[in-house]
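Just so you know, structure 1 and structure 2 below are the same protein chain in two forms, each on its own as structure tokens.
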Structure 1
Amino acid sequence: MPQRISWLVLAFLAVFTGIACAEPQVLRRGNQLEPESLDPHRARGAEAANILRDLYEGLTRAAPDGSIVPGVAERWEVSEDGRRYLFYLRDDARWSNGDPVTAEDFVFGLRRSVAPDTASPYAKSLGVIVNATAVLAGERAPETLGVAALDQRTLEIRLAQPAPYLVAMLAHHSTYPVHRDSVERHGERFTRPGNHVSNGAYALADWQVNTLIRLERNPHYWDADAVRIDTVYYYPISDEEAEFNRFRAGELDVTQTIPVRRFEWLRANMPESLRVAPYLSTYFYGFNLHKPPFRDAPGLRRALELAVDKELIAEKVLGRGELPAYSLTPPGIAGYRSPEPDYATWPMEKRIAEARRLYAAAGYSGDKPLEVEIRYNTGDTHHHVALAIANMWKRHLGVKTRLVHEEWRVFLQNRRQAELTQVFRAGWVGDYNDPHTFLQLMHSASGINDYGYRNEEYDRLLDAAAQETDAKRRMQLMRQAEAVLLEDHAILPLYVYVSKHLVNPRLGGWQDNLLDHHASRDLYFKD
């Protein structure tokens, strides 16, 4: 009897919802490139991350405004020393095939993410978990990783050092759980439609390589009632102009980017579709500190930085809402205020006068000018920026600048070898909302040493921050570290990137946010 009633209720619900949403909501998103993989532990790049955020849900997730909110974990506790986290999972969390999502699934996922055989590009960022580094190096078995399922719904993560950014990091796809059965049954083919089982708001329905990826709502998702978009299409459209045209022709609801040259036109003609917001990222120039003329020459580096009119570059060369940058960390990071160098408030005349003094003190003059090279990867924006800077250096100091541009991978290799480079383009996008994701870059042990920066004080402050359990104190230490970095003029920050999209004005729920994360589950069509 109770069964019959529930069938009745179901039938009623089906009819009712059928009437209520007569037309299924279909969202069509431009996504630039074909994702490298839909395996959350192997994927890399924004294209894959966009899709994985719809398919999966981590212990935490980003809300539409970018803030971190509970995901599969409904709450968590942190031990006093900041090294032991207990996550309590929702009991209604389900995989897209109906299986419950358990703490074991997360243990399996995290071990897999760190296991050297997986070769996850983000494995290193999980290095704070106990034994992660040893597992990654192949010295210990993945089973020794500091994660454990205390019961079906309680997950323990033990850390080698306090890491308040862990909670934000757990929204990243490298920490997602994977469905053990499908991974073990299908091996590398578990990401194919039909084999793929996910635990997010959507499930993979179709994947036509280089054509489209179709997601359908996951009926078993714990918060399925709040999901309004029924079907999501991701189209890989690498040509910006083509993506723009397809949006204008009404074939896309969201674009991944906007062609630079169309900006003025869009501002005048389609302002209601234009979404531009500061992005958790910085565009800067690096100095090759391994070699002269920049090795042991902080004065010269300061002169070159002072002679650059960053406001002019942000407003006139770029002009799409970019902000001038005076620090490695962009503004807006929760709980953090970037240090401001002394000259940031100086008028340009004062900066130039000081730059000239320092330039002369470094031994250069009109007769004996500095001859320097700016190296960047091929691209219109990079070229315009380099041109403007070379011009400023020439006008204010008399520096002779050579511009060299190279294809991306050639450029990366030259940068890494640090043999040819002098001044070179660099950029960094934060993985999570914390200064650590930027500042670790310049630590002498970071492994990305294209700059050759090594300052014991900087390392010491960052290491101290890593051991600090008090959040406020930790931020202070990092701020001090960044101040050291800026005083050394090891890099030349130029501007803060913006995220730029065209968004169908009928689409609701879109909020600009620092991480540029826009999960389809939070979007809906207004009618």
Structure 2
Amino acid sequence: MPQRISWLVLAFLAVFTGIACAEPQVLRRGNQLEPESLDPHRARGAEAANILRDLYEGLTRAAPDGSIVPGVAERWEVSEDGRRYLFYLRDDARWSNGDPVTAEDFVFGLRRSVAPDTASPYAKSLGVIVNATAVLAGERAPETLGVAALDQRTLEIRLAQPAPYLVAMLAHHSTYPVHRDSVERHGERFTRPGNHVSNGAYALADWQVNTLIRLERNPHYWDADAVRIDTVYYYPISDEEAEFNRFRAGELDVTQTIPVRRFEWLRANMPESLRVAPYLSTYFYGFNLHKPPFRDAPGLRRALELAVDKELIAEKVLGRGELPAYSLTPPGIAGYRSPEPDYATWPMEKRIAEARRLYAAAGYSGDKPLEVEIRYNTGDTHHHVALAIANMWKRHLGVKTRLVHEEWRVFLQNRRQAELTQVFRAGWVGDYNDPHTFLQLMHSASGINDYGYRNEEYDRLLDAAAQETDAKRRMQLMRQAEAVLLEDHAILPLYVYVSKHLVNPRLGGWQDNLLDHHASRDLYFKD
């Protein structure tokens, strides 16, 4: 029956829209990195998130244009004080094994996401839910979390304070439900093919580590009739040039990125495939603040930042539309304007002179240079940026820099070990259009604060913003917090990303959006 329905959908599209969908509907996507995990509560990184958006569906989801629309919840109600949400689930929501998706599945998933044993990197983001912070700290049991199944189709979420971003946050994979029986039966191996049960448009069919992940259309998905792609392959291809060559050879329909040196050629020769758009994401370097030389050394950190020509990196090293970054939060967030550091308008000559003064004040010179290591995950762009920064630090200050590149999983593991890093590549993709998704990264209690940043004033301002009910005042508090972060030079912002893909011109349904979310369920091939 599902296959017959798929043909009816194709026929409808052909007759009533003039679009003829080709068969077979097999989508091949470059995904740059092997996902660290396909456990939605433990996964980290855009590459895992791409796959999880195909496998699962939250209470809400992102539409093709990036707007937030109903997912498993067909509607919801919010109390007048903004602290109680009721979500009404679809009657026909099903897991890939045919089991009904219930409110209790979301209760189990949210409790699991904040449980200390799960060690979710995003658990702090759920701190707005009643008792979440205490559960995460081990002070309360997960069963005390402010979520409840009022009946099989009604989920209640109670908040400690209003959170206008909650509905958008519930589209994030850290809030997805998981199939309780599978988790309890298989433990950590519930994410493997044969064990995995999902509630999204696709089910996991094959996972060959560092080779491919194959998804097949889930016939039990509540909106399966509208899903036109039958099979999706994700290929982890860290070499940007290799990904580009596979696209040109017709082996990929979508790339995760494009090589820096190919951009002008692509713009001239393959403009119909090149997609470049604004992206809610910032690329930066992190300092290890757990130990010397960067612990308790804001002057040295400022010197290194001033010595970097961010305009040159954005325009010449990259040159794909990226913008120089002077803050953690990128432009494009509704109702928010990032604070700008004092040096942002200085000419490079003045920046370099001040960098040299601060470098000397920190105790370094030509006879006693700073020796530092930049660690980054394998990739052409990361390598080009690291080379450029090492050259600037050497030329302007005399710093001796060693470059270390590692496979993604190894890189992440080493980033979390304070003894193994000094300066490291970092970046953040907004999970929803609100500054909180960026600023919570540096809170001292954050599970993804790999930097060792601790500032009581920063935490106080962020916590106050979380309690604030006035939208304008809330934004002001977050702006003050970000100003503290920038004054500390806890990170080195480098540039604001653009999303950049090569997309098969025959692939329909693709819409550029600020979040760069492109679920396979929304795509289809045209003849």
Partner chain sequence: MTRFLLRRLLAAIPTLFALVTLAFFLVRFAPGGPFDDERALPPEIEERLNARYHLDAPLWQQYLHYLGNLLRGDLGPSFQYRDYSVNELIAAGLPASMLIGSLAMLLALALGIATGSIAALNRHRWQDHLVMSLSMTGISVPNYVMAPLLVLLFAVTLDWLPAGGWNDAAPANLLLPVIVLALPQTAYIARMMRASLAEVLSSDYIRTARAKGLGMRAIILRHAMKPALQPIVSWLGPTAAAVLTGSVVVEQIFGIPGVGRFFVQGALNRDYTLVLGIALFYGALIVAFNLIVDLLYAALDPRVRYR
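Just so it is clear, the model here is predicted, and its values are computed rather than measured. Residue indices: 1-based, along structure 1. Heads up, when I say rigid core I mean the largest set of C-alphas that superpose within 1.5 Å between the two forms.
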| query | finding |
| --- | --- |
| Selected structure - the one that is the form predicted on its own | 2 |
| Point of rigid-part switching between structure 1 and structure 2, i.e. the hinge, among Ala93, His173, Leu461, Tyr279 | Tyr279 |
| Rotation (degrees) of the smaller of two rigid parts between structure 1 and structure 2, from C-alpha fits | 29 |
| Rigid core fit between structure 1 and structure 2: Cα deviation of Asp342 in angstrom | 12.5 |
